[in-house]
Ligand SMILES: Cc1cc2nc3c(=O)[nH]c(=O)nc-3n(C[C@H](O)[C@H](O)[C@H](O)COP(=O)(O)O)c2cc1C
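Below you will find one chain, with nothing else, as structure tokens; this is the form predicted alone, and questions on how it binds or moves follow later.
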């Protein structure tokens, strides 16, 4: 039995345990620059074996939500450096999730009100931008513009530069965000991708952009520092189902086997109210992919341990429990109760629901003080 609390070798990087913190958008970055408050947020959670940062856009074009910290400008690099230092001071490990939303954006978020871009002009998804009154709001994503072939190649360069910027900011590696209805999944999906160039049509062509990005990012920082997130059978942001879905991701698994990556990270969208990824497919993917396999998707400790013990996954990924339990690893290790998360504070706002959740010992100390005061009164 492999304990979740034993160290793990992530292709040359030592993790103190197998408990992984999921990438979670929190929308707290004023002017899209990482802040001191964000650095504290990550520091509080540094006992995770690995932190995967919230998605950080590789360019202004790649951004779909307000208040997301990017990784394409010098101020952003300097801001992220505060977070990576804070994590490393507690002997933690942190990867940057590098991200392009593709069509899931709004003109109010783009430079000079330009249209979002995608593999085609097919519209879909929701974006967080400025409404007609100039106020932040969730809105239907704007009509996208089809990328020209030369522009697709520029996106490869944008990701490569983002990887270099991430290392400059102190990240231990990067995760290429290929999941959840964003740019790469749009290219993978023939219901969205109707291109007739080398990036459309066949399974190999639809996978080409993601593989080119992984290869170029690996060339810049080394493949052992590169992970990829995927969501087989995902339907978030109006992604249509298609017959070739399962085989498309198994093709990617075979390709990733050749590249010596840090990991592949699968996201089961069943925890977000979408149709779940079939568990027999998870086993099928495991049988094909021979590298480190991560899984996120509403896991609890018991299921995580079971999946690790049977060899289906190597590392379980936890999201929402980390928002309200900065010491989630310690709580799991000691059997301490978990603090319920608060969905009302997931996105945007201030310190409330972000950095004000106490650890279990802090919570017990507060209760003890309150008891003493009550007894004296």
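Numbering follows the first chain given and starts at 1. Just so we're clear, the structure is a prediction, and the values are computed from it rather than from any experiment.
Note that the form predicted in complex with this ligand isn't included here; everything after this is about it.
**Student:** 202, 91, 131, 298: which sits within 4.5 Å of this ligand in the model of the complex by any heavy atom?
**Tutor:** Contact residue from the list: 298.
**Student:** Can you pick out, from 165, 84, 189, 180, the residue that has a heavy atom within 4.5 Å of this ligand in the model of the complex?
**Tutor:** That would be 180.
**Student:** Give a yes or no on whether every one of 18, 95 and 326 sits within 4.5 angstroms of this ligand in the model of the complex by heavy atom.
**Tutor:** No: none of 18, 95 and 326 comes within 4.5 Å of this ligand in the model of the complex.
**Student:** So, residue 229 and this ligand: in the model of the complex, are they within 4.5 Å at any heavy atom pair?
**Tutor:** Although this ligand is absent here, residue 229 would touch it in the model of the complex, with heavy atoms inside 4.5 Å.
**Student:** With a cut-off of 4.5 Å between heavy atoms, is residue 267 one of the residues that contacts this ligand in the model of the complex?
**Tutor:** Contact check for residue 267: yes, within 4.5 Å of this ligand in the model of the complex.
**Student:** Although this ligand is absent from this view, report whether residue 320 comes within 4.5 Å of it in the model of the complex, heavy atoms only.
**Tutor:** Judged by the heavy-atom cut-off of 4.5 Å, residue 320 is in contact with this ligand in the model of the complex.
**Student:** Can you tell me if residue 67 lies within 4.5 angstroms of this ligand in the model of the complex, counting non-hydrogen atoms only?
**Tutor:** Close contact is absent here: in the model of the complex, residue 67 is far from this ligand, nothing within 4.5 Å, heavy atoms only.
**Student:** Based on heavy atom distances of 4.5 Å or less, which listed stretch (53-61, 32-40, 331-339, 304-312) is in contact with this ligand in the model of the complex?
**Tutor:** This holds for exactly one stretch, 53-61.
**Student:** Which residues within 329-357 place at least one heavy atom within 4.5 Å of this ligand in the model of the complex?
**Tutor:** Counting only heavy atoms within 4.5 Å of this ligand in the model of the complex, the contacting residues of 329-357 are 346, 347.
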